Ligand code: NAP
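Read the single chain below, which is given as structure tokens and is the form predicted alone.
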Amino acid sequence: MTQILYSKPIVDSELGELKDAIKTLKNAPKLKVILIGNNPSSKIYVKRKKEFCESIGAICEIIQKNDDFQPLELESLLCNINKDDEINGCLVQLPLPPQFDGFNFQELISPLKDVDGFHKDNIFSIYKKSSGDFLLPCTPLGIIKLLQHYNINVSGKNITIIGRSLIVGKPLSMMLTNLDATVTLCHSRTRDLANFTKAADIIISAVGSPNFLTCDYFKDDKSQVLIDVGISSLKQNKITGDIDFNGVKNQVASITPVPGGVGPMTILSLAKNLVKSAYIQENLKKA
């Protein structure tokens, strides 16, 4: 029988630990979320992040800005947040309006407050395989935690990642390599994609194209593990991932659902980064 890799049992098991960790801090961790524009999906994601943070005893404030908000204004806002000792974490919700194309806002957030894990110092820690006071990208962190929870070993495995974004594909490929996996990073110009997916033990898709991966992309021997990062809206408010879940699930060993798979793991990782960042900053104040 195919194993469905639900995130709920992982999130439920981590909630208590996060609540207990926050109780040992002098002050509740405080997160600022900057939301620019009126993207409906972004509003939903930000609301979920706020609800989860508040459920563990953290504080989350959403700063809403209109579509005409400018890069220099964002730079000034982030500078003030960096200077505010009462704020432990900050993130800018993506996507951003066109005027931010090419604007590298990630480098303007202090690496100690970069709960999304996008600052160059945090990313470079993956290259160096460093441990310690670094905040790593949330979705890759969540995927690795999910695999570990279900005892899916990545060491020595062939893993195909589809999608080369700076948010998921690229950092995830490095993090899995650090765990001794052999990683192939595919993308929109990869030829004969099915050759790579059929050769893999684990396939991770972060394309954002609904039901893009059908049964023809996978073996039929129930040996593969499928992790679906994609999320797309269909008619009648239905949500689906990159993988044709119903068409594929009976031919693989394990598969994540959409929704209920990787999405909640990303938010969990964000909350864990926030708590970690609060601990780091509190200890720096004591030093």
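Each residue number is its position in the shown sequence, starting from 1. Owing to the predicted nature of the structure, the values given are computational and were not obtained by experimental measurement.
Note that the form predicted in complex with the named molecule isn't included here; everything after this is about it.
Although the partner is absent here, L108 sits far enough away that none of its heavy atoms falls within 4.5 Å of the named molecule in the predicted complex. By the criterion of a heavy atom within 4.5 Å, L91 is excluded from the residues contacting the named molecule in the predicted complex.
Looking at V252, you'd find every heavy atom of it more than 4.5 angstroms from the named molecule in the predicted complex.
The closest heavy atom approach of V262 to the named molecule in the predicted complex falls within 4.5 Å. Contact with the named molecule in the predicted complex, defined as a heavy atom within 4.5 Å, holds for exactly one of V46, I231, I63, A28, namely I231. A heavy atom within 4.5 Å of the named molecule in the predicted complex is found for one listed residue only; from T182, N82, S165, S125, this is S165.
Contact with the named molecule in the predicted complex holds for all three of T139, S188 and V207, each having a heavy atom within 4.5 Å. Remark: of stretches 262 to 270, 7 to 15, 20 to 28, 275 to 283, the one touching the named molecule in the predicted complex is 262 to 270 (heavy atom within 4.5 Å).
Residues from 3 to 18 do not approach the named molecule in the predicted complex: none has a non-hydrogen atom within 4.5 Å of it.
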